[in-house]
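A lone chain, given as structure tokens: the form predicted alone.
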Amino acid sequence: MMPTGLARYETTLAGLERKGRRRTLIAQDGVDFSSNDYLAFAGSTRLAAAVTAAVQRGVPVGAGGSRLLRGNHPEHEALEEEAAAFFGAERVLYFGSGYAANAALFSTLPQRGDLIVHDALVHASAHEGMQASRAQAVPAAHNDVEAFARAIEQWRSGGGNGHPWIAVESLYSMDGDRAPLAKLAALADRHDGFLVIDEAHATGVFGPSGRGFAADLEKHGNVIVLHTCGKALGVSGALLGASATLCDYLVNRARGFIYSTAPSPLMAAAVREALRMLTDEPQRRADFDALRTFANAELTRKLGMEASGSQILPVMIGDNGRAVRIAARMRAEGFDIRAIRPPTVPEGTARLRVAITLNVDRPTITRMFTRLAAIMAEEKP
């Protein structure tokens, strides 16, 4: 017999089912067109060997405590020092995930009386932090610099006297388009504000040596940059680069940092190796650039859609149920493609998120888009 207290949860799940929005866990199967393992680092023999070597030299799997207790392992400190040098940041902090880093950042650094202006499509983890922040938060139209400027000016005219924070992703995870970082940085400078850039989907694959789109901005004292390690770097965790003052403030005030068990020292060792691979194996990025260009052209040729130009290729469907059906049929034919639905994306914009990685080749990309075009024609709106 079901406890009566569970009925409300069943009702919610049933409602999600009716709207085509109920999520389920689906095991990975077939050719990878859904992961963020852009450079195919995750399964590389070099990373595996680095982890094996770290275990053999005594690096533990678990940290055993928070960074402020005994959990601060030499591997964490070595990673942070090397990452700061690689990305050009004054200091770097290593977090267990990008979600945890964003939540800690936005809940801690903006102060009471400040304003956070965030892109309307910024990641859910930033929203998590903003909900816990003492600062006011308002959205701005996607990639619209003038909308960001108007929000700041209206806040100032209404008596706002703190500092504005501009929050964006350099490459948006569901649309695959870029943010106008240089203009946003100039806006932050003009208003004595801060610019927070989430480089999750750019780290490793864009910029000099894979340093991301914010490579030329990271040394600025009012710029905070987040590099996640679980995408192109193939491991896990996140590296938050900022001024030494802001990093020290996080160590002292960010509850998500203070009260969490430190990330695995073994993963820190793996991230160190992944950063070295970016420098040592430039051919991976060159191969990826060529494959990404090919995939964008194939999407336009086979589906007649405008491509994003990045490795993230949204195929807009609109209807939730149709997106789920098409994705399921593609998986049945051996192509691991997933449907993305609200609330992850705005209402009416359900889509297939096709991700290009070095885990596929050109003939496979062509076969995938050929079958996708046929299935989309059969699954009428």
Ligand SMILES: Cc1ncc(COP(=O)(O)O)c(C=O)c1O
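Keep in mind it's a predicted model, so treat the numbers as computed, not measured. Position 1 is the first residue in the sequence shown; the rest follow in order.
One more form of this protein exists, namely the form predicted in complex with this ligand; it is left out here, but the text below deals with it.
Q: According to a 4.5 angstroms non-hydrogen atom cut-off, is Ser133 in contact with this ligand in the predicted complex?
A: Taking the distances in the predicted complex, the answer for Ser133 is no, it never comes within 4.5 Å of this ligand.
Q: Given that this ligand is not shown alongside this chain, does Pro164 nevertheless sit within 4.5 Å of it in the predicted complex, heavy atom to heavy atom?
A: Because no heavy atom of Pro164 falls inside 4.5 Å of this ligand in the predicted complex, the answer is no.
Q: Counting only non-hydrogen atoms and a 4.5 angstroms cut-off, does His123 reach this ligand in the predicted complex?
A: Looking in the predicted complex, residue contacts with this ligand include His123, since a heavy atom lies within 4.5 Å.
Q: Should Ser260 be classed as touching this ligand in the predicted complex when contacts are defined as heavy atoms within 4.5 Å?
A: Ser260 lies outside the contact set for this ligand.
Q: With this ligand left out of view, which of Ala242, Ile116, Ala200, Ala104 would have a heavy atom within 4.5 Å of it in the predicted complex?
A: So the residue touching this ligand in the predicted complex, by this definition, is Ala200.
Q: Of Pro110, Gly210, Gly98, Gly129, which residue is found within 4.5 angstroms of this ligand in the predicted complex when only non-hydrogen atoms are counted?
A: If I apply the 4.5 Å criterion carefully, the residue I get is Gly98.
Q: Asn72, Pro265 and Arg272: each with a heavy atom within 4.5 Å of this ligand in the predicted complex?
A: Verified in the predicted complex; spot residues all out of contact, no.
Q: Of 165 to 173, 80 to 88, 141 to 149, 279 to 287, which is the one stretch near this ligand in the predicted complex, taking non-hydrogen atoms within 4.5 angstroms as near?
A: Comparing against this ligand in the predicted complex, the contact stretch is 165 to 173.
Q: Using a 4.5 Å cut-off on any heavy atom, which residues of 221 to 239 would contact this ligand in the predicted complex?
A: Thr228, Lys231, Gly237 sit within 4.5 Å of the partner.
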